[in-house]
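Single chain ahead, by itself, as structure tokens, in the form predicted on its own.
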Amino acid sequence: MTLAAVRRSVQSSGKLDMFVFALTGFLIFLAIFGPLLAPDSIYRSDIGNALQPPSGAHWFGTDDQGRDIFWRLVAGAQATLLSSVLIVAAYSLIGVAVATIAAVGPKWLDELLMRITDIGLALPGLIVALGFAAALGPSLESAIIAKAITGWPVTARLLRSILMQTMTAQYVVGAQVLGASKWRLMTRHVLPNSLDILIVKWAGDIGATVLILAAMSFIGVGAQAPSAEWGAMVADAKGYVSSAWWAVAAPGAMIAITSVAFSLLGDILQVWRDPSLRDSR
């Protein structure tokens, strides 16, 4: 069952909307304030307390270094979620800039930028990102830069198509006849009126980027120990799946919950943006 199908099954009550907004709001709160709430001990080893199961003292248990997993998840929300937001924001800016220049610039520049975009779309994005991250050196910063560099072609191609359609609208053509410049029309009217579809896409992209960032940390080209980034936590605990399942299950569950929450948020925004879907509720 797709996320859209899940949403449609309960959208008549609106309860899922409220739950998703509350959940994403809570996750954003953790991403902003999590490191301030967590104690300093989450980065200090306590071997005598290692691999303790969930209890009243440690809600999600402890890892192989004796660190409290719950508080590491709270602190790690910033490394995982805010990094994902930063990645989406970075490649979105690049994509918007490329699409805008292509739509307004001369024909040869449009062709050049779109052929570069097509090359980017033809390459396997994750593999290229892994290559960039490995070349820059394993770190969270390298993973952010690598994914931001490789993520823009989809936004550029989609927005360029939307902009070219909008530029043929009657009000745009009429304004050009009256002497308005293409750049003025683009920046003041066409571009602002064309971003709503992309905002829906970007919300879902955050969820997908959380998974990708965690995967890059898991295979060793992203965040490194003792970072509390969720993918790095799964990587650190992968050797204890049979003896200390909670050390893997807790960060894995947070990655899954965050990814699904932002994917559902994108679906909800799509319903709100499209009057035909909204009226069918």
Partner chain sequence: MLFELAHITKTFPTAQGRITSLDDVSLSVGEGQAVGLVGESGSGKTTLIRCALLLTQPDGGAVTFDGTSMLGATREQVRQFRRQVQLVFQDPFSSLNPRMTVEELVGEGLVIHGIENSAARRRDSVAEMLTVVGLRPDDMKRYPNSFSGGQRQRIAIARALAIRPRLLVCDEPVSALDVSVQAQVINLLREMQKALGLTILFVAHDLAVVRHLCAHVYVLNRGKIVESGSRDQVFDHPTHPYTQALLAAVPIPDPRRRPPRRQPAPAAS
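In this text, rigid core is short for the largest set of C-alphas that superpose within 1.5 Å between two forms. Residue numbers count along the first chain shown, from 1. Predicted model only: the values in this text are computed from it and were never measured.
What comes next is about the form predicted in complex with the partner chain, which does not appear here.
Inset, instruction - Kindly confirm or deny that Ile32, Pro39 and Arg44 each have some heavy atom within 4.5 angstroms of the partner chain in the predicted complex. - result: No.
Legend entry - in the predicted complex, segment of 71 to 79, 93 to 101, 156 to 164, 180 to 188 with a heavy atom within 4.5 Å of the partner chain: After filtering at 4.5 Å, what remains is 180 to 188.
Legend entry - One residue of Val85, Ile145, Leu198, Ala175 in contact with the partner chain, assessed in the predicted complex (non-hydrogen atom, 4.5 angstroms): Selected residue: Ala175.
Inset, instruction - Answer for Pro192 alone: is it within 4.5 Å of the partner chain in the predicted complex, judged on heavy atom distances? - result: Pro192: yes, in contact with the partner chain in the predicted complex.
Legend entry - Large Cα shift (2 Å or above) at Arg157 between the shown form and the other one, core-fitted: Not so; Arg157 is displaced by less than 2 Å.
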